[in-house]
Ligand code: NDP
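First, one chain by itself in structure tokens, the form predicted alone.
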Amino acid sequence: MNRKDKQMLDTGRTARRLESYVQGAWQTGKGAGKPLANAATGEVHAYIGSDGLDFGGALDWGRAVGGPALRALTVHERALMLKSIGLRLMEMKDEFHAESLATGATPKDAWPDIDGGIGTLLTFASMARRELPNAKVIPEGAVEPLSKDGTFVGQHILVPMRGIAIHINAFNFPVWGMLEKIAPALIAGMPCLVKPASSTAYVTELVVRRILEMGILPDGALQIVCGGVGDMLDHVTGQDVVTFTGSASTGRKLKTHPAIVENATRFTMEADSLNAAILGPDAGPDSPEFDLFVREVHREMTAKAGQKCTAIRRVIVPKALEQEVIASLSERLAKTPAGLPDLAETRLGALASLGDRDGVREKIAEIAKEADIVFGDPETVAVASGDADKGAFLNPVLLRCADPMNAAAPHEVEAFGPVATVMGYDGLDEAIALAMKGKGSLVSSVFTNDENVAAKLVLGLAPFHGRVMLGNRDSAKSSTGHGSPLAPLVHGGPGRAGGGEEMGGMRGVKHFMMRTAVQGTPRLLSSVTGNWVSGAPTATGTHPFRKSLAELHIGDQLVTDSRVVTKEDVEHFAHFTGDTFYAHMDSDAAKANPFFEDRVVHGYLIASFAAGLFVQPDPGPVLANYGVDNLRFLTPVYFGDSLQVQLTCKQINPREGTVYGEVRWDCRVTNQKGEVVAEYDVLTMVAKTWPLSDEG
């Protein structure tokens, strides 16, 4: 069944009562609930309410049931659960798109929310398995020596917090807004309670319902409350995390809630943001950058009817180009018909509610006190389809502020709809100053093909922005655009934007973990982290390359024989590889170098000889060497010096669903004096069992 057929079947449907999933069961709040209208038709689409729910009990259930179940799993096991969920959700996305039409979003507008949200979930699952160990404790950073004799060391570790993550989300991204938050929290080992914004909660509720029906997550890992939060925040503890996306005023109220303040509960906020797009002075009307700029501003004004936290609100251009920008934008906006989101010809869907439309009109009126409307009429709605009175439609409105350096409203009032204000600048310093008047934003974009312009603007914007997007002709086809937060990069911003930070790859996972410094002997620290630490016990005997993962242990060690490096070795290596750098070949030149006494051995020859010393050549459990990390050459090696290797199993990282795991080896190369000449980590893939089997 395609999406259009599904929508046709849903016409005339009975509005459903949304439920909350708390304490292991789907529950309906008391009473009939508040009606939620279809944004495009005005018909009642659903009813919502959470009165009577035991919010304290829901939080306790997540902590007591979901928390231990998640913490019993390794990071990779949690990530694989999310991968399975994401792949299943992709198969169901047509159902979510059909439900999303009631929000007023066109299918194209819903793609970043639904497909993008699921993609974000899958990206986190992939990054966690690639970048984090398959363990329950994550060591962070290097082991720090804290004593001269090496008997006292320290390292940071990351462990799951023992509370619950409460995600209070905005209405404009009912799927992405949930998935981008629960993904890092669940990977961290923290159960989640999702509270979607009421006006579009029916989409979130449907997705959560489908996730829970899969039976992949352990009990208590995911709950949802559809309706108000009641006294939920009265029950938070210092081990909980609260994330909020929405208005700055609501965010400030939540952040200063007595229980949050009393318990120092972690609170992350993403709030209002008057994002800017800046046209570089080099980007004249005939340049590709000018066209890209106009297209991007148009897209950000009209995608999701301008109801995006990253939408462009301020259009900052050279004063000499103001009128040309206004004319080009107006031409595009005039070709953007508003209408029913399920019709192919619709280019501008509805706002999420009639109340939103009233609110946007009020904000436009405030901005218009210091700016002129140069395109559109907020009081008159023209639609290509649908009912302009019943549907929450609003045509685009473009304003121009003649004196932006002395104006306040265009920089302080956000009309959360298809609205933007053009303002001119004289010089890059003024462009930066205008952007800064937003007092902190999620994102600004710069359109230029000039390296100097790009560098000056980015460095000027960075302290006030969570993200800066550079647009030019070279990235026109590949750029994800101004308004798209991406899982590997941080999403958030300082000041007015809330001061929070989300995503950013594995940085986002760490927001839901506790960082603790651990100090002690190498042996005890190793027992905590699961990684071998220099000075911890070692074991010799069977060559460690002859051991499968089932037999290998942290601390298994090989100490090799020695090998003398000769002049002939160095010259053969130089001519064979082409590396005839003077320090290896010219004695006088090498002696003139302040770091060397004479000709030195190639560093990579040292690493090659080291491999020759520690490798066991017969077929066995070691399947491949896939790299080295942190290679450092510490002491020069001269002709006649001898090399010896100490190779120690440092970390064992089993791969779920494969026949192998990854093993990190501490490799230390010393000379005849016992001086360390090179050290690095050798990375190998090792079979779980040997001979190989298909199990594991």
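Start at 1 and count along the sequence shown; that's the residue number. Source: prediction; values computed, not measured.
There is another form of the same protein, the form predicted together with the named molecule; it is not shown, and what comes next is about it.
In the model of the complex, which of the listed residues (L80, V229, I326, L73) lies with a heavy atom within 4.5 Å of the named molecule?
By the 4.5 Å heavy-atom cutoff, the listed residue in contact is V229.
Of the residues S534, T560, S484, S198, which one places a heavy atom within 4.5 Å of the named molecule in the model of the complex?
The residue from S534, T560, S484, S198 that makes the contact is S198.
Would W61, C192 and Q223 all count as contacting the named molecule in the model of the complex, using a 4.5 Å heavy atom cut-off?
No: none of W61, C192 and Q223 comes within 4.5 Å of the named molecule in the model of the complex.
Would you mind picking out the stretch of 106-114, 470-478, 265-273, 364-372 that comes within 4.5 angstroms of the named molecule in the model of the complex, counting non-hydrogen atoms?
Selected stretch: 265-273.
Considering non-hydrogen atoms and a 4.5 Å limit, does the named molecule approach F244 in the model of the complex?
It does: once the named molecule is placed as it appears in the model of the complex, F244 has a heavy atom within 4.5 Å of it.
Using a 4.5 angstroms cut-off on non-hydrogen atoms, would Y202 count as touching the named molecule in the model of the complex?
No - in the model of the complex, heavy atoms of Y202 and the named molecule never come within 4.5 Å of each other.
Heavy atom to heavy atom, is M127 within 4.5 Å of the named molecule in the model of the complex?
Answer no; every heavy atom of M127 is more than 4.5 Å from the named molecule in the model of the complex.
Quick one: is F96 in contact with the named molecule in the model of the complex, heavy atoms, 4.5 Å cut-off?
Heavy-atom contact with the named molecule at 4.5 Å: absent for F96.
Within 4.5 Å of the named molecule in the model of the complex, which residues of 144-171 have a heavy atom? Give them in sequence order, or say none.
I168, N169, A170, F171, in sequence order.
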